[in-house]
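First, one chain by itself in structure tokens, the form predicted on its own.
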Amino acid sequence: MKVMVVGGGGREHAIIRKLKENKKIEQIFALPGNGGMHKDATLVNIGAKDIDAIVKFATENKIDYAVVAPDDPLVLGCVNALNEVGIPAFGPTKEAAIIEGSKVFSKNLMKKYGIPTASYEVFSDAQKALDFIKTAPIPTVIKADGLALGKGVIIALTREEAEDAIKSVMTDKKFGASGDNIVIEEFLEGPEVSVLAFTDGNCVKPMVSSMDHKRALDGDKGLNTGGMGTIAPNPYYTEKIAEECMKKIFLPTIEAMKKEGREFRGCLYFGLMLTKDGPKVIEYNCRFGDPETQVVLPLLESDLFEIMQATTNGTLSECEVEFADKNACCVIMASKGYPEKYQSGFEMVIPEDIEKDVYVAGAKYENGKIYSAGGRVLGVTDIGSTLKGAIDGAYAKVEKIKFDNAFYRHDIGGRALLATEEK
């Protein structure tokens, strides 16, 4: 079989590596992929948002199955377009992907169906938002309605920060049209948990939980990024909490989407906050998280391709989804200056003995050499029988990788380790 993976980051590299374990797959194409994937897939220079070119390539090359991984092409209707020409694809339709494509839609969905989340108000007028913030409880959270590369959420600790955020998003259009509407919501406190779940629109099979580290610098300081590292499983996410989430959040969300005529198939990401009042939804994503995928999929013992096909075919209840009873840690190596200005184009040296544990997010391949190309450059994953073992193993591998301008956090998994000690 010939499989096509749309996207080009570390998440897609992890998906491709896992798909390669299925012997039925003869060739994997990455559109566009990146230079660090050249040993694992055939790279095709077509952008993830170029839906017409993606469909044309898929039909001309007789692709048997497509995996649409990033948010943009899903929200733009890539799965719809592929289905129209008879190519089955993993991922939600445009109608279902709105659960991530619009924060206003997802908050209203939760309110309508009683799914626990933070209280909120929606604004399309900047002045009305500024008037509201004068008396709103502080801290507060400002969210751009549309997609913003994972950076459209601002936690305002003071009224001045809240006002600046509103002006930045709505007046200065920092995120373009994504900021035409905003959500201002209650600031929740508690441990954060990411849970990715396979679903075929009826059955929900959660993956192992994880903990992301969004801030750029050690000690959870600095700007929000697309993610500087992850660990799995998340020690705060107990079996009891998992049962509560299934009953009050996961299944109700799938049912709500079905009732809205937007049946969701693929991977639904639940960003959760474990508050004193129980678990609440911070956000939904309509796809695998990045870099959560780089710790979750290495722990998957079942066949990813079979699971993906089951979500498409509506047979997930008959499919085995098992994870190893181990721990994983992924440390992101980025270009110094990320998420703001940074330089790239530096030669990267990745020793062969750890290549299989390195998921490249931004690289060029030229004349037999790999060069950094992007903010988040790669993720390094290790699996261990203990969380500390996985963390130590990931950092030992990081030390072996060389490229100029590299930087990374030194405390990925630190909070999780404290949690395991508290138990």
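Position 1 is the first residue in the sequence shown; the rest follow in order. These numbers come from a predicted model, not from an experiment.
If you look for the form predicted in complex with adenosine monophosphate (AMP), you will not find it shown, but the lines that follow are about it.
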property	result
4.5 Å heavy atom contact, I282 and adenosine monophosphate (AMP) in the predicted bound form	yes
Interface membership of Y342, adenosine monophosphate (AMP) in the predicted bound form, 4.5 Å heavy atom rule	no
In the predicted bound form, K103 touching adenosine monophosphate (AMP) (heavy atom, 4.5 Å)	yes
Partner proximity in the predicted bound form: Y113 to adenosine monophosphate (AMP), non-hydrogen atom cutoff 4.5 Å	no
Partner-facing stretch of 178-186, 318-326, 122-130, 244-252, counted where any non-hydrogen atom is within 4.5 angstroms of adenosine monophosphate (AMP) in the predicted bound form	178-186
Whether K143, I155 and M273 all lie within 4.5 angstroms of adenosine monophosphate (AMP) in the predicted bound form by heavy atom	yes
Among the candidates E192, E95, D218, E161, the residue which, in the predicted bound form, approaches adenosine monophosphate (AMP) to within 4.5 Å (heavy atoms)	E192
Contact assignment for adenosine monophosphate (AMP) in the predicted bound form, among A256, A136, A118, L299, heavy atom within 4.5 Å	A118
